[in-house]
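One chain comes next, on its own, written as structure tokens: the form predicted alone.
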Amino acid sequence: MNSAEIIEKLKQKGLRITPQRVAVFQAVYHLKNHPTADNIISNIKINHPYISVGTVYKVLDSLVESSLLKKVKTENGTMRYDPVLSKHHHLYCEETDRIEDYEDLELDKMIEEYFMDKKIENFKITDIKLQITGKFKTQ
């Protein structure tokens, strides 16, 4: 995603356009691997050494609050950031801490039908996301 597209997304959400917001949002997209805040900070510091760590965290929080990013928590408690907003699940490698997106319409349909039939008392389901834990095979 280029700077113009990022600026447009920020405008659509009513967020002020700042160099810090653009840099953080761009870093999340370019890293493509559900980066941690530390990954994002390391990436940004190369071209924007003036951006403070606190600012990066504040920008990430505002992007999550504005539904431009999603938080993904790994098995070991690490918080990661996901720019993919469409419905998907995650494959989490417990050996490497790597996360890959996983889409399966048949699985989605099966889960939705199950919970429509199940009707959990006093609870309204708004979204279902799976994190499937295992180990990626090495080639």
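For every residue, the number given is its place in the sequence shown, counted from 1. In this text the structure is predicted, and so the values were computed from the model without any measurement.
Below, we turn to the form predicted in complex with a further copy of the same chain, even though it does not appear here.
Contact check at 4.5 Å (heavy atoms) against a further copy of the same chain in the predicted bound form: none of Glu8, Gly54 and Ser86 pass. The contact with a further copy of the same chain in the predicted bound form, taken as any heavy atom within 4.5 Å, belongs to Thr74 out of Gln26, Thr36, Ser62, Thr74.
Only one of 97-105, 54-62, 41-49, 28-36 places residue heavy atoms within 4.5 angstroms of a further copy of the same chain in the predicted bound form, namely 97-105. Contact between Thr133 and a further copy of the same chain in the predicted bound form is found at the 4.5 Å heavy atom cutoff.
Interface membership of Tyr92, defined by any non-hydrogen atom within 4.5 Å of a further copy of the same chain in the predicted bound form, is confirmed. Interface membership of Lys118, defined by any non-hydrogen atom within 4.5 Å of a further copy of the same chain in the predicted bound form, is confirmed. Using a 4.5 angstroms threshold between heavy atoms, Ile17 stays clear of a further copy of the same chain in the predicted bound form.
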